[in-house]
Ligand SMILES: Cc1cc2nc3c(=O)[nH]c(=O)nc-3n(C[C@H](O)[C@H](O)[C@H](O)COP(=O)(O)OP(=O)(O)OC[C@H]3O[C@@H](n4cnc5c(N)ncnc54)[C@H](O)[C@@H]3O)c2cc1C
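First, one chain by itself in C-alpha cells, the form predicted alone.
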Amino acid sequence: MTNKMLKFVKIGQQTPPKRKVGFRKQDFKEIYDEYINEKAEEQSSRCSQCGVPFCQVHCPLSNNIPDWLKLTAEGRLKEAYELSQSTNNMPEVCGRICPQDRLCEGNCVIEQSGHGTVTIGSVEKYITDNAWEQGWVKPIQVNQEKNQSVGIIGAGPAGLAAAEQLRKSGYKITVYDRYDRAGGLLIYGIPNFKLEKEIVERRTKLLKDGGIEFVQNFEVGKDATLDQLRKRHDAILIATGVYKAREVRLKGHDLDNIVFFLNHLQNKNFFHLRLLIFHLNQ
C-alpha cells in the first residue's frame, strides 16, 4: 500500500488552481478549476489510511472517504465514484459546499500532525464530475414498480434525496415545490461562485429521467390543501427546508436597518446585486 498511499511526507497539500480573476469577473462562476487527473491521484495518495478514519467519523453521511481516496490514487476512478455515491445522493454538491474545514478535512490525522489535510472535498468533486463526463452517472433503474405513491413537499436537498431513495425502492414519486426550479437553497440560496446552477439542474434532470415527477410553482394551501394531497398519495413527506435567516447575537444586532442577506440570496435579481458589490469594491 505504501507505494500508492501515505505520501503526505513527500507530497505537499495542493488545492485546485483558482480561475483567473478576469474570467471570474465576467461570469461569477465557480472560483476553482478542476484537478487534472494526475494531480487528483497525487493528492489522494497523501491519505494516511489510518486505522480509525476520523474523516469518516466526522462526516454526517459516514462517507467511506479513505477507500475512495485509495481508489482515486490507483486511477480506479469509476470504482471511486461508485463508492462515493453509495452513501451520498449528491456527491458533486457536497464536494463543493460541505464545510470540509470543520468536518472531514478538519479532523484529518495528517492535518492534526501539521502536514496539511488531504483535500477531500476537491477530490470528491473531481471524481464525480469526471463520472458525469464519462457517462457513468445513470438514471434510476427500478427493478419492481410498487403500486403506491409518495408525495414530497419541498424540492430542496432533503426532498430530492428522499425522492431518489424512495424511487429506487419502486415507489411512484411526485415532488411539489413553490419555486420554478427544483433545488431549494441549492438554487436560491448559494451563489454560482460556490455552486453553479447547472450542477443542481443536471441532478434534477437525472431524477426526472428516473421517473420522478416534479410539480413546480405549487404552493400547499393555495393550489391544494394538505388533506387533498393526502388523498392523492399513500404517504406524504414534508421537506420544506429552512428559509429563515439565523440571527447572530452580536452587539448592535437589533439596530434599525439591519437586514438578513438570505433574503437577497433568494432574490432572482441577485446577479445585479453582485455586480453592484463588485464595483463598490474596485
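Residue indices: 1-based, along the sequence shown. Because the structure is predicted, anything quoted here is derived from the model rather than measured.
Quick note: we don't show the form predicted in complex with this ligand, though the next part is all about it.
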- With this ligand left out of view, choose which of 189, 75, 170, 210 has a non-hydrogen atom within 4.5 angstroms of it in the model of the complex. 189
- Item | Heavy atom contact within 4.5 Å of this ligand in the model of the complex, the stretch among 137-145, 152-160, 75-83, 123-131 | 152-160
- May I ask you to state whether residue 243 is within 4.5 Å of this ligand in the model of the complex, using heavy atom distances? yes
- Item | this ligand contact at residue 227 in the model of the complex, heavy atom, 4.5 Å | no
- So in the model of the complex, does any heavy atom of residue 205 sit within 4.5 Å of this ligand? no
- Looking at the partner-bound form in the model of the complex, is residue 61 within 4.5 Å of this ligand by any heavy atom? no
- Message: Just to make sure I understand: among 171-185, which residues lie within 4.5 Å of this ligand in the model of the complex, judging by heavy atoms?
- Response: 176, 177, 178, 179, 183, 184, 185
